[in-house]
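Below sits a lone chain in structure tokens, taken as the form predicted alone.
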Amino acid sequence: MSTEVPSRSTPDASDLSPSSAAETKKYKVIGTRPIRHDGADKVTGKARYTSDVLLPNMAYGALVRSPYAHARIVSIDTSEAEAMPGVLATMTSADLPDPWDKVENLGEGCINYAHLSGNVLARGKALYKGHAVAAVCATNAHLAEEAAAKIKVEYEPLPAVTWVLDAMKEDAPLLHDNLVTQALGEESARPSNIGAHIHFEQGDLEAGWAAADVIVEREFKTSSIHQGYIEPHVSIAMWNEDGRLKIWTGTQGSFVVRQQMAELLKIPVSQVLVIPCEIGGGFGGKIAVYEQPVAAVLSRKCGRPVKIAMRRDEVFEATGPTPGSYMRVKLGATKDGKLTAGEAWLAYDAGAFPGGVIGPGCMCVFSCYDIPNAVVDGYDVVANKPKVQAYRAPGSTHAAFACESVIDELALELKIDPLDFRLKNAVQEGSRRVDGPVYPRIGLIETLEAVRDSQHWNSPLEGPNRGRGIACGFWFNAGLQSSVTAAVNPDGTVSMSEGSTDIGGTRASIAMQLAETLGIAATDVQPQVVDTDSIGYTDVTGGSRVTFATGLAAYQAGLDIQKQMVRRAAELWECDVDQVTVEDGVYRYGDAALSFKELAVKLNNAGDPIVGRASVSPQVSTNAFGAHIVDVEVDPETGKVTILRYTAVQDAGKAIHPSYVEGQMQGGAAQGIGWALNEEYFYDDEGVMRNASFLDYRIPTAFDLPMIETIIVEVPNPDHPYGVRGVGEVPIVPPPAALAIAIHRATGCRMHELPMSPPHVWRAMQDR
């Protein structure tokens, strides 16, 4: 079920801002549900993924990975592999240029190229089980695997640490001898596993505690989990004799791959061409490069294109999961239910190299509530695990699990309905987040009101061992840079090119915004995602930015086309430009009127081609909020949690394609449910992951999930002409907290650790 709920406020029509205009205007294309432009290729198997690409004379690569979680590399001997017939080249980190400290923002977090190079192939030490240490390429994939097994690596095993609090201890084994803690502009005096200490504060915390009638403080733990995308990492590199490097890959950002390759290999960006293939899921995990630089160097060595495809165990053991975390959250409120103070202490592991997602975690922990006095401390900690990468609202799900759980307990202590408590303290326009930003117009209150009025919230839940939970979630979403070009065809259709790789249907959402701007049907726009030579710079598909930012570029490209069409119409009608009007795609002068398509046909071969262009860089956040309701039943004998009903409610600003919005809400909720109930990296005492397969790493299946109901709320974003807010990341944030609260209602047990798997829930019930 999907219900679309309009914003609760009605603007004065005499003074319409872009957002209020978006709120009142009736659209022809936006808000409809056309068939996706790439639908036929996807359902018939014609869509081309990297694994489908076969180049002449192609070689195949394989990687040698460390069997130890922490070990000094004493020596690497590739001679036996090189002697095998059909083996074309080998490499180690010595074949990569010397790394250097340079930090760059990849769109969903920053990367230090020294660390990135060391993650691609280990330098001196292997820092996690699965860390790549050498590579080989051969004439076929099986031979490459055999040759990789012939490469002899001598290791000196070292003590390993995988839990964040253990890594923070003074006597913990150091991963990096030169890593010092960056805190408030200063560096620690000696090396540490703590890469950074973040501190945010507002108001007077002591005064806030003094004003509180009730204070609740709790501790929380979460395990690392993986994005679980279906397509493993696959890339092809072809380093031509002319020095040009071509990369075929499934990536969330072809331009960020180009930039990383140029920096790691020390070649100009103009010498790198990235051709994005279809991508079988990413969710933040396909932004940083892994196998691409290795394939490139092997290609240069052997003179052939080289393909490297990871196995599933390599994906789990060597690509970026979420951090494991330890959190302490303390909240105080008056007896009438107003929050007075909040304090959070968060420690997230970053994996083997510093620079994890602790920053967003600190930004998001109190983001849904107006807390006048608050302090947040966060710690970025290295551990012997694969380097952390983004996963849908990176850092926010952890923080919401802790904060929302305490919010619920505080409401019960005060004997206030948990939904009313949230409404009473919800942020709104003018509220200040603890890290500084003041919210513009936002829709959390409208979202909670939609929950209050929903059929789910007002339905009875009867029977033993059953409970209902609610939780809120937030993600700020990014702007960044996007480019679009659009060419008018002789038949009045438009060919649109853009640089945002399509993960969740953004070809359609961007094409629809262009169509709305031009006054034509969505099917009259033919969108394509092109390579890095064929479009202006476009940032990563991540941060819930594409429908917002690349959509804004499409809107401006449409205005560019419209301006050119007006000028050409004036020439056709022999009148002044300002005498031509255009509305809903119809161009008029006096009694003469032509639709966009009719005018395009008339202008064919009557002047220069009409091509619209736009590049944008909105430096704003779209601030999206959601709230989820879940009903569960807990088996008292086993601790198994069965979800009876689930509803996701979210402010989308304006749902460009409601089916895609619903799909994002459902997909994020499903992943959040897996995070909450089953998924975890299970490490043994030696730091070895023991469940590196989809057989043992338990993502939700159709048997684990009900039909996830959705309610779309629309409070237009003031920074977009159609009111768009990012949608894709918020839905993963509320599920763990909502489920923990529902489990408490069903069992009386407060769950403070993820996952809330049957053994953990059963044990909590026994301890109770």
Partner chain sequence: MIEFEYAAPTDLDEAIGLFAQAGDRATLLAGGTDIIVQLREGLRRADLVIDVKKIPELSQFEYAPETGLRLGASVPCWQIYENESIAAAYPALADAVRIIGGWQIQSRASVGGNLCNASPAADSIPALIALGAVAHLAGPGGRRAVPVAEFCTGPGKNVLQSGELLVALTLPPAHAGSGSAYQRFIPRNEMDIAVVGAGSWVQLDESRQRIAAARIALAAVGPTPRQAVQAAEFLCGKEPTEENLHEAGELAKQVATPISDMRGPAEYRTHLVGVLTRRTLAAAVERAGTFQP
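Residue numbers count along the first chain shown, from 1. As the structure is a computational prediction, the values presented were derived from the model and not from experiment.
Note that the form predicted together with its partner chain isn't included here; everything after this is about it.
Shown here without its partner, the chain carries 145, 699 and 763, all of which come within 4.5 Å of its partner chain in the model of the complex through at least one heavy atom. Segments offered: 227 to 235, 638 to 646, 460 to 468, 284 to 292. Contacting its partner chain in the model of the complex at heavy atom distances within 4.5 Å is 638 to 646. Contact annotation: of the candidates 604, 659, 615, 691, the single residue with a non-hydrogen atom within 4.5 angstroms of its partner chain in the model of the complex is 691. A heavy atom within 4.5 Å of its partner chain in the model of the complex is found for one listed residue only; from 110, 94, 695, 438, this is 695. In the model of the complex, residue 671 stays away from its partner chain, with no heavy atom inside 4.5 Å. Looking at residue 682, you'd find a heavy atom of it within 4.5 angstroms of its partner chain in the model of the complex. A residue is said to contact a partner when one of its heavy atoms sits within 4.5 Å of a partner heavy atom; residue 52 fails this definition for its partner chain in the model of the complex, lying far away. In the model of the complex, its partner chain lies within 4.5 Å of some heavy atom of residue 678.
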